[in-house]
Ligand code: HEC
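Okay, so here's just one chain, in structure tokens, the form predicted alone.
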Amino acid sequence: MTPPRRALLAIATLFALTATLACGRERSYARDAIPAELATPVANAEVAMDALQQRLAARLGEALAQGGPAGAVTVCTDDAPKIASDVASEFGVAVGRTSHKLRNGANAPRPWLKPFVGAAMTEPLTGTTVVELEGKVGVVRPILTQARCLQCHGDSTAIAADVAVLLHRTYPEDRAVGFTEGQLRGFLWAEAPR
């Protein structure tokens, strides 16, 4: 795609995202352009998102070291929802993960996240975005694919056979494969009360 076409596509995607959010009476901001009154709830959301990301990464690291990629699958299946629930309770903020290529249907995007998910293939989110919601604030940031993620999320022909069987058995409608290192894999999100 030529640079002018890419710029036009970016403008069209931004317009569509803005229009979609405007229709829902939601305003969105880049993280560094939020109104002052949103600073505290955004900070609370970010602390919860950081906690979820760090705890989940630590648990995945342990599982990979102990049981390889198959162990990581069970972390995502069994531990990730509990970690998210614990973080939500601890910080008073709803928090989770979603993707444009879902593995687990329980991670389907909330309505305010759908424009970001819909634009993921054409104009992926590159930084943290804040969305004003009814009585709360939504914060979303991209999750980029790391090298270790490729063991379960990479090219489906390169995933170990035992892991592929486990993934298919656990997630029969899995779409979360085919990623490359550095590619947008999904989104970390939080909703904090205002």
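It should be emphasised that the depicted structure is a prediction, and the values quoted were computed from it without experimental measurement. Sequential numbering from 1, following the sequence displayed.
Another form exists, predicted together with heme C; not displayed. Remarks below refer to it.
Proximity of residue 148 to heme C in the model of the complex falls within the 4.5 Å heavy atom cutoff.
Although the partner is absent here, residue 101 sits close enough that one of its heavy atoms falls within 4.5 Å of heme C in the model of the complex. At a distance threshold of 4.5 angstroms between non-hydrogen atoms, residue 117 is out of contact with heme C in the model of the complex. Among residues of the shown chain, residue 69 is one whose heavy atoms approach heme C to within 4.5 Å in the model of the complex. When heme C is considered in the model of the complex, only one residue from 51, 34, 137, 60 comes within 4.5 Å through any heavy atom, namely 60. Residues 72, 73, 76, 77, 80, 81 of 72-94 are found to place at least one heavy atom within 4.5 Å of heme C in the model of the complex.
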